[in-house]
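First comes one chain, alone, set out as structure tokens in the form predicted on its own.
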Amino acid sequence: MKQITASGQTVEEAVQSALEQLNTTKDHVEVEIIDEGKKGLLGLFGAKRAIVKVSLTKDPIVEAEKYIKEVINNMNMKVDITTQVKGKHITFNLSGENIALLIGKRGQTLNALQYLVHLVLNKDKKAYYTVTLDAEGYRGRREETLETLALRMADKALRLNKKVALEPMPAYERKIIHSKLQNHNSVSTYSDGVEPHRHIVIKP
């Protein structure tokens, strides 16, 4: 971790001096005040300069990208990563050969990697990020599949006039089903079971 000690007439001035030397901004550093300084009589006599130690913090998004590359390299695969940041939501889009291996059956491998990336992003607990890990538009296609499934299973529940339980799926996939059927006049939905076997039940 790169760090620098700087001084100034005030703490703010010392911090600013350190930021200029590190060529960065305040949101990418940690500041430790060593001496708050003293103004002195008439601003001159007995004045003492403020001293601060400023350290560059690691960018969690860059660290998460490195982590993804490391995991995928260990799978003997090569992918390109494009990153989109919207506020505190980060989307990593992966593309490359044999991408189906990375997605896995019904997205299980991709979901597991997404969970690990989420942990890497939030390990410092300074800012809470949500994350989406996508592979060549898989998430969009999966969403369409889930919405179609939701309508089909709602019809089934009405036809049989009894509850229909869907297969276990991660929270954000369950959310897609709930959202699709929330304005349906004839059925209601709820989640049942304990992770990782939590699933949706559609009820007439």
Partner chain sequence: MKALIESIVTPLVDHPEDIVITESEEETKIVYHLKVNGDDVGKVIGKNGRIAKAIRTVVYATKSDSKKRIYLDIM
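Remember, predicted model here, so these are calculated numbers, not experimental data. Positions refer to the first chain, counted from 1.
What follows is about the form predicted in complex with its partner chain, which we do not show.
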Query raised in the report: So which of 109, 95, 83, 122 reaches within 4.5 angstroms of its partner chain in the predicted complex, heavy atom to heavy atom?
Result: 109
**Report entry** Residue among 70, 167, 32, 27 with a heavy atom within 4.5 Å of its partner chain in the predicted complex
**Finding:** 70
Report task. Indicate whether residue 113 is a 4.5 Å heavy atom neighbour of its partner chain in the predicted complex. Result -> yes
Report task. Although its partner chain is absent from this view, report whether residue 75 comes within 4.5 Å of it in the predicted complex, heavy atoms only. Result -> yes
Requested in this report: Check whether residue 99 has any heavy atom within 4.5 Å of a heavy atom of its partner chain in the predicted complex, and answer yes or no.
Outcome: no
